[in-house]
Ligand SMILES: Cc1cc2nc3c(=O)[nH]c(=O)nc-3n(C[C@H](O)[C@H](O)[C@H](O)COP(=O)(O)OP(=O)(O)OC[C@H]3O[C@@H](n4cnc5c(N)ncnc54)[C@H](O)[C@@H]3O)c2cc1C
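Given as structure tokens, the chain that follows is alone and in the form predicted alone.
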Amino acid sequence: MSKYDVVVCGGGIVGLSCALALARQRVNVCLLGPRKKPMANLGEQYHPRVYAISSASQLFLQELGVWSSIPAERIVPVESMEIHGDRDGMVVLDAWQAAQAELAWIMESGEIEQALFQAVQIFGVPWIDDKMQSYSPGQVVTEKGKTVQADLFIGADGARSPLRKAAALAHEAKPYGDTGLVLQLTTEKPHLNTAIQWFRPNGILAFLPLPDTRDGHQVSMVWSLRDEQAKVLQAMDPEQLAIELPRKLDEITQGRLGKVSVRSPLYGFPLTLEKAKMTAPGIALVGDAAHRVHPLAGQGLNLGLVDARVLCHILAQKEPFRSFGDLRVLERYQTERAEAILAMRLATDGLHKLFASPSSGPLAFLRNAGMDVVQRLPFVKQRLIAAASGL
């Protein structure tokens, strides 16, 4: 039997961040979950999952001492965003409009994981390479029969969170009926450190800037598409996809980055809107275990990293006579995160619903007219940039 102050369930980016933050506070913390070697140092290949890291997340990774460990040549700063409506509406956000050097940073999941993976090893964080089988207040039993006790269990174990399920925490999920498709593209024209997004009634397409390769300029495609349309693309063999996908993308982008060609396999994942009760005595949920939002704003991981930062800060500030799992302490975390999570949930879900309506009629006119109004109002742009930064 092992006993810790805190056990972090899950070895992804948010879980590793939590464990590292607590270890730096000299908390007796342990990681519990499969110990997978990160997909990093891939050379000319790139991890299929890339993230737009906000200023708040960048600050947290800097505080953890891992930001400088992520290879600079694998990071692209986003200096502007170009957002297209389904007619002629368009908004352009530039970092200089808010006196910032960058709006965000695009980087691969594997590179962030590698930096965190190395850091928790340096700090000597124990890692139980196993899966949770059962939970009872104050302890879990793993699939290999190991009993692990703790004052607090942090669920950073993903959207299907075994800890959340075992602890019977309330959870709601609404499928969008959309699939998120991701792959890398080589483009004829340079992206110029600009993230570009197109809203269409049948889906939302984004091109995220990535470093150039020997093949040419490169972007990551993230396409939220209706399930039935996504299945057609997912069923294609690589040769057919290499012909059909560029044709479909050109119809939407109108050649914004010139001719595009497929340079990686296609991956897909279902999109859902989810929320859970984030705390209970001895339990706190972070990241996808606590909430999921539509990826149109690229804020899912950023929400999770800020969860980790806020929770670890609150645990560091707790009264000495309270345990890490004291519900009064954990409720401070839930209260502090409630407004930001609700705001992002309403914003992303609202935008999805707005652009999912037919491209004709009053709503179509209003949403595109609204984009044109925003484009002409610098102070509104500044507010949007500040909201996206998370600071």
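The model shown is predicted, which means the values in this text are computed figures rather than measured ones. When you see a residue number, it is the position in the sequence shown, counting from 1.
The following text describes the form predicted in complex with the named molecule, which does not appear among the structures shown.
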Practice task
Work out which of Leu169, Ile283, Leu271, Ala206 lies within 4.5 Å of the named molecule in the predicted complex, going by heavy atoms.
Solution key: Leu271
Practice task
Could you tell me which one of Ala119, Leu245, Val182, Leu185 places a heavy atom within 4.5 Å of the named molecule in the predicted complex?
Solution key: Val182
Exercise for the section: Look at the candidate spot formed by Gly33, Met132 and Gln299 and say whether the named molecule comes within 4.5 Å of a heavy atom in all three of them in the predicted complex. Expected result: yes
Exercise for the section: Please check if Pro295 has a heavy atom lying within 4.5 Å of any heavy atom of the named molecule in the predicted complex. Expected result: yes
Practice task
Verify the contact flag for Tyr46: yes if a non-hydrogen atom of it lies within 4.5 Å of a non-hydrogen atom of the named molecule in the predicted complex, no if not.
Solution key: no
Problem - 4.5 angstroms heavy atom contact with the named molecule in the predicted complex for Glu108 - result: no
Handout entry: 4.5 Å heavy atom contact, Val50 to the named molecule in the predicted complex
Key = yes
Practice task
Tell me, please, which stretch of 185-193, 275-283, 312-320, 156-164 lies within 4.5 angstroms of the named molecule in the predicted complex when heavy atoms are compared?
Solution key: 156-164
Problem - Heavy atom contacts to the named molecule in the predicted complex at 4.5 Å, residues of 1-29 in sequence order - result: Cys9, Gly10, Gly11, Gly12, Ile13, Val14, Gly15
